[in-house]
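One chain is shown next in structure tokens, namely the form predicted on its own.
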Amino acid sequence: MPVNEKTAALLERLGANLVPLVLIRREILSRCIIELEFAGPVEDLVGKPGNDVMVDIPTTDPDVQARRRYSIRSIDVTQQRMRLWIETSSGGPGATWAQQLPTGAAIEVIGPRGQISLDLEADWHCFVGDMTFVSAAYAMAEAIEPPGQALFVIEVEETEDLVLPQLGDDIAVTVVAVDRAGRLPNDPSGLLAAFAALELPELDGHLYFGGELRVVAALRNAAKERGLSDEQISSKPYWRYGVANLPHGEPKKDS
């Protein structure tokens, strides 16, 4: 499809595609997770588990562009379908978009993109973060070669918010839901305590951290203190408490 010069430069820089999609279904999975299913030429979005797509989000100011990045929950090339799980508790423009986009609406997404994916050589995989990380964590876990082991430590406002993973019988699964118990979302103490209490399997594994910027940084430091190497840790901050994501979709980092 024809694209303007600015978009063409972005696609070249990211090594991604611009793909037209149509929303065909919306489903509320829990109090804070909405599933959106799109139809279109999704073969151009096939990448690695954990990859995401970039979406233009409407704002109250038509002259202001906002993009958000959503992990690809799944792609079905045969059926020409792509699913996104979008966490909506923030109430931000992305949450509003996910809640209000009408069925039949046409959008364009840029993807696949992202640097975090499953370590295919690891003997076990541990995913730690908040509800914004669930989509990517489950997508990566579903790509584990059997027999395998997946551990999930997810912080939630309410236990019923968590949608449980559905993995094969030949994948050993452990799920720990951490009650935030009134702590601020950028307070890492709950996840740090759960991670410290988690007995990691022997052999060589890989840790994946995703969620709020400060919490992800604290978890990464805790993993290194437990003796895991940089090569065994993948981390991705999706958002920053109290600070809107930048126009290109990334959380603002301190200089």
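Throughout, we count residues from 1 along the sequence that is shown. Bear in mind that the values here come from a model prediction, so they are computed numbers and not experimental data.
Keep in mind that the form predicted together with a small molecule is not shown, yet the notes after this line are about it.
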> Taking the partner as it appears in the predicted complex, which of 100-108, 118-126, 81-89, 161-169 has residues with heavy atoms within 4.5 Å of the small molecule?
Replying inline: 81-89
>> Checking a candidate spot here: are 93, 135 and 249 all in contact with the small molecule in the predicted complex (at least one heavy atom each within 4.5 Å)?
In response: yes
> Pick from 214, 206, 69, 220: which residue has any heavy atom within 4.5 angstroms of the small molecule in the predicted complex?
Replying inline: 69
> Quick one: is residue 15 in contact with the small molecule in the predicted complex, heavy atoms, 4.5 Å cut-off?
Replying inline: no
> Looking at the partner-bound form in the predicted complex, is residue 9 within 4.5 Å of the small molecule by any heavy atom?
Replying inline: no
> Looking at the partner-bound form in the predicted complex, is residue 234 within 4.5 Å of the small molecule by any heavy atom?
Replying inline: no
>> Residue-level contact is defined here as any heavy atom of the residue lying within 4.5 Å of the small molecule in the predicted complex; does residue 244 satisfy this criterion?
In response: yes
